[in-house]
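Only one chain comes next, encoded as structure tokens, the form predicted alone.
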């Protein structure tokens, strides 16, 4: 259907941006895009100046957790082409998350219309090079002013933008969490709900105390199987050339869009890849014996980032990968794809 988007102009001109010194997630667009679900339908779509929300103290999401989000990026190529990377895949995952939380689906055409209008109004945010991006944050939460455990009947879907540089400026070390769990079979580990990240925060202090920047989570049942990092999916590179990543079959790992992209790029380059269960014992023994030569993470924010060490059960296992690494090759192939120098799936590029 055709969506009528109302618009309210901001009171101030856009700010100047220092593209080489952009912090991640601290500068925001002048506008925010909003759509409301009420009386059984989506309506009241609009762009308004970025401002605080006014919420009822009994707002359903604050008490019962019907809240989810996505993370995606828009870029500008040297020739001026502006695009969002894999928009439909992110929209599809958002609706999978919504279904798991008993929230109504967001029509793709509403999502696209809101995002296109927002990006056109915020065109000053498009960076001069592919080293920077517009980070797009769609989020979606229940708004019923009601105290009681039931599905909300009203919702707010919103999108804001943030110009960003790298999430990680250098390779990171990972703390392997052996006490707390992020997700369990039948739970919500494979959806992007806000609560998943809240339960993971407790491990941050442990990671920092071990001089690590991320947590590597193990399965909740046996604390045996590797799942994912706190901010991204995980890949392992073996001496014989295989590249492996944990399987999604248990439903405890987020199906990363960047993960899927890197798998496709590696396969196109002729690297043998496999998605399977990987035990932490196999990983540690591989580092110790030299058969595991590289570990890296992938995510929308992080793109591709090498892992320098794993801290497991009080011991640090250093990784000294050969040069050039698979992570470096994968990252180069990823940016070649963004630059339009190579093509895998034409529909991955949603042009503005």
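Everything numeric here is computed off the predicted structure, so don't read it as measured data. Positions refer to the first chain, counted from 1.
We do not show the form predicted together with a small molecule, though everything after this point is about it.
The partner is not drawn, yet in the predicted complex one stretch among 282-290, 312-320, 299-307, 35-43 has residues with heavy atoms inside 4.5 Å of the small molecule: 299-307.
Between the options 135, 141, 83, 235, the residue in contact with the small molecule in the predicted complex by a heavy atom within 4.5 angstroms is 135. The contact residue chosen from 71, 127, 187, 105 relative to the small molecule in the predicted complex is 71, the criterion being a non-hydrogen atom within 4.5 angstroms. Residue contact check for residue 231: one or more of its heavy atoms lie within 4.5 Å of the small molecule in the predicted complex. Interface residue remark: residue 146 is not counted as part of the site for the small molecule in the predicted complex, having no heavy atom within 4.5 Å.
Among residues of the shown chain, residue 180 is not one whose heavy atoms approach the small molecule to within 4.5 Å in the predicted complex. At least one heavy atom of residue 192 is located within 4.5 Å of the small molecule in the predicted complex.
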